[in-house]
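As structure tokens, one chain now follows by itself in the form predicted on its own.
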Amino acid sequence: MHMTHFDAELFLRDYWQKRPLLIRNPWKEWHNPLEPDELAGLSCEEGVESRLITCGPDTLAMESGPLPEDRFATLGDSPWTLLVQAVDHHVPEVAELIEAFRFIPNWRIDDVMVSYATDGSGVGSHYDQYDVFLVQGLGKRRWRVGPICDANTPLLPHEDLRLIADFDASDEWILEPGDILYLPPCFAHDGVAVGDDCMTYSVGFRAPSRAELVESWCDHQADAMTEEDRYADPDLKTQDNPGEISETAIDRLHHMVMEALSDRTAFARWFGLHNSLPKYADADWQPEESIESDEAQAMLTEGVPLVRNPASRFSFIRQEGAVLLFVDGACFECSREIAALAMEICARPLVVVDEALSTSETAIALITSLINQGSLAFEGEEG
């Protein structure tokens, strides 16, 4: 599913991470990719992250899934909203929505959350730490958008939800099927269903915090260090006051730390691995019995396409004429002809491997490894 009459370059220049944008139905033909009953069914399954938010007279209440199958029959006429995370991992038609937003790099894409709301329902005024495209799938929703928020923004007391205390909207729109609202991080917003059967697809993005990067990179480097790698001062001189930590000592200590963290090549490899770790580790396509390389070669010779697991994260880093391919927390060094194959796998969810590579041992080994770790599958053998 792709957008027409949408200028990605203009969007990135003028709106991405800068200001909200309402995009009226840009699809050649909009089809809601998921029925409400299917979403409700997903929320009852183990291993699927879901939340049910019900509207009381004075406040919102939240329940975490999996939900009992009869829960929806007991909700009555009060407004309620169902939120299901990472629906693209379970429903190929929802995963196809992401393809329209691939002008943002793979490593920045998170997942697609889907919400269903009854008339008058929403999750309250709030803000998020990430960019999001809110695609209206079914019914109508009124969105109000307000100012940029931060950690100092007053919130209402609530155990489960971060609700803004004084929400003052500056823009308001009603979205109909196919319409999209883009919100950069930290913009206050509030969406309320107008009528029943309101479904919204939130194509979310992610950005690591500086704290997360520092903590994780430092932990990674520290794990590889030995007990013997310690501060040393064989050139120590006497000093007037033994209580002073000298400039020389501070310089040496600071250098020890910064030298350990400044290896850019090691950082690039670490980040590729760290960023590609799957969000939900049990959503892989690992075959019950590992596939052998000769079986993979036979399928490639027949021209059977390869399909990416929508729950898997694929990205690569160029490195001295080769590429490092990162998939689900694993790194594959790809040179010469398989470098192009690695980049093609990252670029599209379905790949037909060049016939010339069906006899390449390195290409077959790469594909076999990716299938056996549950990241790829031959078409027709998914899951």
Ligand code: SIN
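Numbers for residues come from their place in the sequence shown, where the first is 1. Predicted model, so just to flag it, every value in this text is computed and none were measured.
Separately, the form predicted together with succinic acid (SIN) exists; it is not shown, and the next lines address it.
Residue-level contacts in the predicted bound form: of 307, 123, 299, 95, one residue has a heavy atom within 4.5 Å of succinic acid (SIN), and it is 123. A single residue from the set 128, 197, 110, 284 has any heavy atom within 4.5 angstroms of succinic acid (SIN) in the predicted bound form; that residue is 128. Every residue in the set 115, 143 and 189 has a non-hydrogen atom no more than 4.5 Å from succinic acid (SIN) in the predicted bound form. Contact with succinic acid (SIN) in the predicted bound form, judged as any non-hydrogen atom within 4.5 angstroms, is confined among 160 to 168, 241 to 249, 135 to 143, 206 to 214 to 135 to 143.
Interface membership of residue 202, defined by any non-hydrogen atom within 4.5 Å of succinic acid (SIN) in the predicted bound form, is confirmed.
Proximity of residue 181 to succinic acid (SIN) in the predicted bound form: non-hydrogen atoms within 4.5 Å are absent; the residue sits far from the partner. In the predicted bound form, succinic acid (SIN) stays beyond 4.5 Å of every heavy atom belonging to residue 86.
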